[in-house]
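Shown below, as structure tokens, is a lone chain in the form predicted on its own; questions about how it binds or moves come after it.
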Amino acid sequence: MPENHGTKPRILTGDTPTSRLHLGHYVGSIENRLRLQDQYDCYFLLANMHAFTTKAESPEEIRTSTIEIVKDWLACGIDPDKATIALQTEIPAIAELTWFFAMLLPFNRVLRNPTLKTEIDAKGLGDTYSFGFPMYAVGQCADILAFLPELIPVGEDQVAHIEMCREVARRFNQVFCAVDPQTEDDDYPARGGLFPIPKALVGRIGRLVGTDGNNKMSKSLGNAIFLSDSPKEVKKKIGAMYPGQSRNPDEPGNVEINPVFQYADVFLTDRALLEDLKDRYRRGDNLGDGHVKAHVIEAINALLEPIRARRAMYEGPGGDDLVIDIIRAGTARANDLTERTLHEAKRAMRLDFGPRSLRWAPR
């Protein structure tokens, strides 16, 4: 049992297993998770059900990515003795709550979610996306509220989802728990509401640009540096970055629009060195982009080296089995919590005809 389980304020966050994790995930959310796992009762969700909204024809890929993401989490320092790692598809309360919450949201409200629109464009889905694709926005509300958390560490692009989750929590509490709609968000539980109104916690870097220098870092866009990349791969990807229009023969360099300097801002821990590089670049003081890239490559590899070393412990024989055991143990704890939440929700909805229990079969 994690040492913080049930004794501290709760956090819920997670990732959809569509690939390995990259630096954008690290600075956008993982850093916060590492910092907060000592202070909060943390649940980290593997949202593998959501992966089926765009990859339903690739179940083996989703399974592999699920295991690989847990390896990334463990490699970064997520500690299953402090935080609970849980698998979405083995938590039936989430699917049931998704159905109930869908009745509280107008269809047009779901489709207006700006994150959905962005993903439809970025993934080139056009009008071909499945009915389940917009449903995953409702499912995210259930992912969160099933755990009754106070905080949700997310990247900047997920804030719109959190706002819809807050709307659902308010609406449920008002309709089924008779909470006054004028109630302040922090007061809902004290006024009889089942669901707290959770807050988003954005990482220190809300949006990390990809190595293409234009778009957010993403596997699907081919502009990602993965946490499991080798030093050679990091060097190759940073070395290929184009500095944009930050240089021309007649003007000093513009560090504000140079993506290489965006990486320098994020990853260089020597702030005096960073400011010196910026000053020299602005003055055109015989400082090329290659020189700055070399410092960035060194800094990123210094960050990733201990992550690579910890990940190697799960890459050998038996590594996948160890990861699956961690998932099973965490999911059992998650079901203990979410089943209680679902029972309370059903009681508020006058659907309380008796509790149920869930048990893992022997492996």
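Because the structure is a prediction, the values reported are computed rather than measured. Numbering starts at 1 and follows the sequence shown.
Here the subject shifts to the form predicted in complex with a small molecule, a form of this protein not shown in this document.
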Problem - 4.5 Å heavy atom contact with the small molecule in the predicted bound form for all of 15, 157 and 208 - result: yes
Practice task
State the residue from 335, 48, 37, 29 whose non-hydrogen atoms include one within 4.5 Å of the small molecule in the predicted bound form.
Solution key: 29
Handout entry: Position in contact with the small molecule when the complex is considered in the predicted bound form, options 119, 229, 72, 90, heavy atoms within 4.5 Å
Key = 119
Exercise for the section: Given that the partner is absent here, state which listed stretch (277 to 285, 209 to 217, 191 to 199, 106 to 114) has heavy atoms within 4.5 Å of the small molecule in the predicted bound form. Expected result: 209 to 217
Exercise for the section: Would you check, heavy atoms only and a 4.5 Å threshold, whether residue 237 touches the small molecule in the predicted bound form? Expected result: no
Practice task
Classify residue 171 as contacting or not contacting the small molecule in the predicted bound form by the rule of any non-hydrogen atom within 4.5 angstroms, answering yes or no.
Solution key: no
Problem - the small molecule contact in the predicted bound form: residue 25, any heavy atom under 4.5 Å - result: yes
